[in-house]
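The data below hold one chain only, encoded as structure tokens and taken in the form predicted alone.
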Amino acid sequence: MNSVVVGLQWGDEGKGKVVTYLSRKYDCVVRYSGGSNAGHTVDYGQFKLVHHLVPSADLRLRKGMYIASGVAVDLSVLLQEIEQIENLFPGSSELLQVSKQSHVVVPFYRELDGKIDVARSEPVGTTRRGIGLCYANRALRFGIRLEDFEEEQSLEKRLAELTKVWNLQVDTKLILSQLLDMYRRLSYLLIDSVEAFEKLRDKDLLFEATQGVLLDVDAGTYPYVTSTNCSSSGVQAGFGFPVRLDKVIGVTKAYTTRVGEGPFPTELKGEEGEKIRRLGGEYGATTGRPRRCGWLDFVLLRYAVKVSGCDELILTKADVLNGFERLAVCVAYDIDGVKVRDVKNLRNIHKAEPLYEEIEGWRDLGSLSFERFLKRIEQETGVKISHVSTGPKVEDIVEL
């Protein structure tokens, strides 16, 4: 059985915890897109792990982990993560393999990332981790892949070419030396994509998406999006081979958050938004930036479910809303005086005025009003909720 876990909002839905929990049913967890701009936090109880590149498999169960060719690999971040998991789970890195065909985030990409964002008339709020530059150079055919490190002279030539294209005054010899040092420390993990596919083709695979559908470069709130297809549509391209998905599992919070710039119809800018942010610990795992918070948006949720082909839902962070007497959900938009319940694209949501319905809050997740909230989500989306997260730890989840 092959499944994918995707976020149905602007990321930060709790996919890391969900993937870790579900990984016990699979042989291997596969990261297929994004880079170290992702931050999947997993709370094991005694400690927390923030995964930026290493797939969020349950490290206690020694599951396989694979970073596919669609991932932008920052060697320094990957080395730090491997050191972290080795300290906590000795021998875990032996379960990880990385595609030689994945592209590398060269150190000066970060600086360029920031310069480009500042030069925009309206910054998109990039994490400035160099991920966009990595994918841009891949498309321009100037990218550097892990397999290029096998020939030092060729790698040096590619670096020189990159600095010429971007008109940079940098010490390419020093950068080459640093990259080669990191590469040698990671070389035991590397595998050709074809060989990886042959090893994994008969395994049960859990594909781990990054960010969320609303940040997908094609389906999201363009240009306020990430640089890759982080919805279910990106699995085959990111994995590098045709693969049948038996299940698309969508993760949504009981409310909505967004980091960075871009439209957010249900954003709460006052005391209520700050309360949700505080109770939910809504700060970016990668950047530490405070997340913008708002009520659950059924218009966007229905859109995300449709474009991802979602088969089931997992609801997270409902416990954050415990004790709220009254809540609100967005049931439709007013766009230029027209009531809109469903959208076919996200082009005009910056004009959207949310139309709310007030609902009864719940004392705890055993309350009848919370049960009604779950049924309402299922009615609005047409998709069943299979699990509900009841707290921050991996084990804090119940199957319905």
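In this text, residue numbers run from 1 along the sequence as written. Quick caveat: nothing in here was measured; it's all calculated off a predicted structure.
Below, we refer to the form predicted together with 6-O-phosphoryl inosine monophosphate (IMO), which is not included among the displayed structures.
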Which of 30 to 38, 59 to 67, 341 to 349, 360 to 368 has heavy atoms within 4.5 Å of 6-O-phosphoryl inosine monophosphate (IMO) in the model of the complex?
30 to 38
My question is simply whether Gly125 lines the interface with 6-O-phosphoryl inosine monophosphate (IMO) in the model of the complex - judged by any non-hydrogen atom within 4.5 Å.
yes
Arg289 versus 6-O-phosphoryl inosine monophosphate (IMO), in the model of the complex: is there a non-hydrogen atom within 4.5 Å?
yes
With a cut-off of 4.5 Å between heavy atoms, is Thr226 one of the residues that contacts 6-O-phosphoryl inosine monophosphate (IMO) in the model of the complex?
yes
With a 4.5 Å heavy atom cut-off, would you call Asp148 a contact of 6-O-phosphoryl inosine monophosphate (IMO) in the model of the complex?
no
I need to confirm a contact call. Of Glu261, Glu267, Asp311, Glu81, which residue comes within 4.5 Å of 6-O-phosphoryl inosine monophosphate (IMO) in the model of the complex, counting heavy atoms only?
Glu261
Can you tell me which residues in 181 to 219 come within 4.5 angstroms of 6-O-phosphoryl inosine monophosphate (IMO) in the model of the complex, by heavy atoms?
Thr210, Gln211, Leu215
